[in-house]
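Here you get one chain, nothing else, as structure tokens; it is the form predicted alone.
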Amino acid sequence: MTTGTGTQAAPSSNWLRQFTGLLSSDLNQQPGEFGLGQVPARLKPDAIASSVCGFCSTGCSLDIHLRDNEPVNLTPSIDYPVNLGMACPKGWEALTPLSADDRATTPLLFNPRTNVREPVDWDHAMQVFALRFKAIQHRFGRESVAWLGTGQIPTEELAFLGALGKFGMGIRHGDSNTRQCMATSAVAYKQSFGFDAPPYTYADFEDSDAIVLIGSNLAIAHPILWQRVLQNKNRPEIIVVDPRKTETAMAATKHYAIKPKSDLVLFYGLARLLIDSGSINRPFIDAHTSGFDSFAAHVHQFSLDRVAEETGLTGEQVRGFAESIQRNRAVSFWWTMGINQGHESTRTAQAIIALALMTGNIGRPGTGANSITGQCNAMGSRLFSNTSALLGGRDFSEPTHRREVAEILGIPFERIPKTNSLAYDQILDAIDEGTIRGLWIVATNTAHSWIHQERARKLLCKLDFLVVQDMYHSTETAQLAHLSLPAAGWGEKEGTFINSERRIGVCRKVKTAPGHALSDFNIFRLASHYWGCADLFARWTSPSAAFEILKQLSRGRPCDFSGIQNYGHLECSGGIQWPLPDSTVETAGQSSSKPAQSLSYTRRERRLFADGKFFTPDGRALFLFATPQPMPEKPDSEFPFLLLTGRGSSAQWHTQTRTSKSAVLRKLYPQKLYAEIHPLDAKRLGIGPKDSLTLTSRRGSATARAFITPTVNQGEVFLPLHYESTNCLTYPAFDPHSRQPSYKACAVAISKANP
């Protein structure tokens, strides 16, 4: 292997002994040997292990039933404060993907002579890993290697990857696939509140008098949260803003089917109506916010007539929407990808935040400007992946923040970059330009999920060296790799996830990974040794040890969870929402500086900003706004339809890498891509039910089966995001503040496919 200067050095015999022990500890550790502090070190036969689900951001707890230390079944945890005994189809089938035939079980190295990927042992794989990446850096500079991470692995692993990449391997540019789903919300909260701080708790679904769901098909994307809505005893107004008449819209009190990407105009128009009618909370605005008068002057231009024309709603509908906000005591605003994935998404999210602030709907039960996260650990990624923010939500450009991290981690101050990384799309652009030539992809499927898929695949093929670390050797991205590293999945390792409501929960190991697959954590340990920087990460011996480091990194930050004692504390408490500083232990709803006598009584719900204090320097939330911009690619005579994308079924997940492994889940959704098209459009084009269609954009084409339905408007067509060919069509537009892709709108043409 090579050292940091590019010279070669063989692993010492001492390291080889450590290497053997490392593999043995991961491959041979029995399920139940969790090392979770207060949790018994080994489960008894026929025991139950509770673990936070590894699919979406809801963060449900599942009880995994073990027989002779092998998982045989699971049921939803009855008393966990998130799911309260409920589970969606994905949760019920969470164990099935672990037994798939296409699991990656050994490292695979591409042999250019045979044109195939051949099995190698870990020693060979990691020698090549270090040699190839160091050679690229030696020839083209440190910034010629980058990584792309995920929101699908535990926080401890995310932090280790980020610290290893930036402080150990000298890689400045690394980003996460949470750029695809949550970058907008993170930036919107940082700019408006001073920190990436979703203010709510799931109990707010049950306490609201009015629930406004914007660009969110909650019943499908987050079905357990929809069940929480249905448990609301206030008989709330449920208002859905969405171009499609989704399953959630069908069950709503009101559905506003706006023109795609006209949200910003709508919210500015609502703000003007509320201001003009005096339906604002002026005492709250004056005491706790900045910039309202400028915001009010900006929204004055959005008259009722203008809003109606640009959104496609009637003036009566817009006025009725404003009246719903005005007359209800507790209004909560919720958004997901329909907002986040847009060309002006950050300012749109901040327009929603503005509506909450100006009406005082924040910090109280049943209120809030509330972003619902996508992946199981997107919040962990946002705070601790060391990509868009320095560990703990700090800033790379702030010297005091860099010094804090250096002191906590015990690393040289100069190893921490002074500037932020390139964003995901900019990393791909740098590959195109030839300035990035080596890429390490961890637990994400770029070749399927990235916008304008054809270009993404060409760029991955252009790399001098591509390493893909994943559970499966069969993903579209793994198939392009020069080196594939087999990783353990959920249920085969331990760690913590942070869900949408900021709740930290434990995921537990209940099964041994197949073959020679290792946890991502131990792969990172291997990488640090072969790179020659293991001394920097001597304290990172296990996920539980890393959790103690994360507690120190969180101390004094808005996300402070230094008061969590260990994994056992989390399990006994039903997960814990940050913040929980170590100076305060909350029991039975009251704060106390005394040690907790019974961890099981820790208060389960914790919302932010009840005191009206935000994380900005002056403690005030900011009103931020901008002039609405036109959609980057509008329909025209050549491509007359507007393509919408979104979730298709609660039984599907992202690129179907895991959900497709379950025969049960495959029965719950169509096996082939389908296109929702309005009956009048279908009639005009001579399209019948289940006809084969060709959808074409300026970037590619896809074949889909026609599903004729009035749930989409004329001139629009909907494709589920889970199928491979959907992103052959999407247009690569990006929000200028968050760099999040705009997946939800592009121009396409539709024709009947040849029989």
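Position 1 is the first residue in the sequence shown; the rest follow in order. Worth saying up front: this structure is predicted, and the values here are computed from it rather than measured.
Keep in mind that the form predicted in complex with a small molecule is not shown, yet the notes after this line are about it.
At a distance of at most 4.5 angstroms from the small molecule in the predicted complex, none of the three residues Glu143, His173 and Gly532 contributes a non-hydrogen atom. Contact with the small molecule, judged by heavy atoms within 4.5 Å in the predicted complex, is confined among 259-267, 571-579, 621-629, 388-396 to 259-267. None of Ser421, Thr475, Asn370, Thr496 but one reaches within 4.5 angstroms of the small molecule in the predicted complex through a heavy atom, and that residue is Thr475.
Residue Gln652 is the only one of Gln652, Ser662, Ser208, Thr289 with a heavy atom lying within 4.5 Å of the small molecule in the predicted complex. Although the partner is absent here, Ile153 is a contact residue: one of its heavy atoms lies within 4.5 angstroms of the small molecule in the predicted complex.
Within 4.5 Å of some heavy atom of the small molecule in the predicted complex lies at least one heavy atom of Lys90. The shortest heavy atom separation between Asp196 and the small molecule in the predicted complex exceeds 4.5 Å.
Leu644 belongs to the set of residues with a heavy atom inside 4.5 Å of the small molecule in the predicted complex.
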